[in-house]
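There is one chain below, alone, in structure tokens, taken in the form predicted alone.
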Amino acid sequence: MQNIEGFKKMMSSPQKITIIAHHTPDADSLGSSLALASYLKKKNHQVQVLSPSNYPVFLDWMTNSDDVIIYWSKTQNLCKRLITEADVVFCVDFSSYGRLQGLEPMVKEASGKIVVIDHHLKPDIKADFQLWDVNAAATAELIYDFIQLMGDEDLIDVRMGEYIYAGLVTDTSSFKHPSTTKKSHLITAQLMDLGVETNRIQRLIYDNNTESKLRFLGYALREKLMVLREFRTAYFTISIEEQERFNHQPGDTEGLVNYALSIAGILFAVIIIEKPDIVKLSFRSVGKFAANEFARKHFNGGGHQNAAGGVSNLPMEEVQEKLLSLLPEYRNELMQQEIW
């Protein structure tokens, strides 16, 4: 973090602090936000976590009902007040205004100091202070670093450790992604020394499914998985009607794209999800194929090299057609790369 001494001076007295997770928060964004909030409360700051949208049901174990305020019509004024009156606004696990959705104008107009803690590429938020490292395996790793930088590592307790571990294990896909480093494992070891039961957190995240989610998964794998071996690519398309048929909840499609990528010989995987006002895409890749560049160039997106997202205003059928029309352009790159 640049100007760490100036930041410490600002934080030396109690501050009104608002922490914001990104739109559709995952375990890294939510866990990092809650770990940071727990730490700052121990330092006698007044803290509230906001989210631009709801989080997945399988992360309910992280929060109490008042831990996170979800932005929607009935909380709009409250969210605006919390951002407007904040001395400090933390943006956690994102560094682009686009991830704020309805909270974007409020943050842009905020009079308090803006602090970004993130590991994604191409930041555009104007921050007064930032802890930003694209080589970090997860933002949760940076939260651990942040608490160390503040000289307060001894304040990390088991609950905070659970939040941090949840972010680490999910953003590395159980330590499978190339972003996983020795540091990732060392932090995990230190959290285990604190008393964090990593097997319990894994089960809460991965073995906490609803029946409807599992039935949706079975349907998607049987009926919706398309495999294009001539491009070493596999993809899903999921319509609004299909989501409604299986009582879709936030997070139910999370991880589905990884099943496509798990097929032997597949190097690039995509899921196209129809929403009422937009089409969302998630991209995953293996090795040197840059999913983030593909997303940025063609679908107004970005992210990490092997895990990215995008959006389109086209109808879902046209988004699918666009994807299929683009693949021949990348055929040589996809076919010539070694997976292992």
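Being a predicted model, the structure only gives us computed values, none of them experimental. Position 1 is the first residue in the sequence shown; the rest follow in order.
One more form of this protein should be noted, the form predicted in complex with ligand 5GP, which is absent from this view; the next part is about it.
Note on contacts: among A307, M62, L40, V286, the single residue with a heavy atom within 4.5 Å of ligand 5GP in the predicted bound form is A307. Of the candidate stretches 66-74, 47-55, 297-305, 30-38, only 297-305 has residues with heavy atoms within 4.5 Å of ligand 5GP in the predicted bound form. Ligand 5GP in the predicted bound form is not approached by R232, whose heavy atoms all lie more than 4.5 angstroms from it. Residue contact with ligand 5GP in the predicted bound form: H248 places no heavy atom within 4.5 Å of it.
Although the partner is absent here, L314 sits far enough away that none of its heavy atoms falls within 4.5 Å of ligand 5GP in the predicted bound form. The shortest heavy atom separation between H120 and ligand 5GP in the predicted bound form is within 4.5 Å.
Residues K280, S282, R284 are the members of 259-288 with a non-hydrogen atom no more than 4.5 angstroms from ligand 5GP in the predicted bound form.
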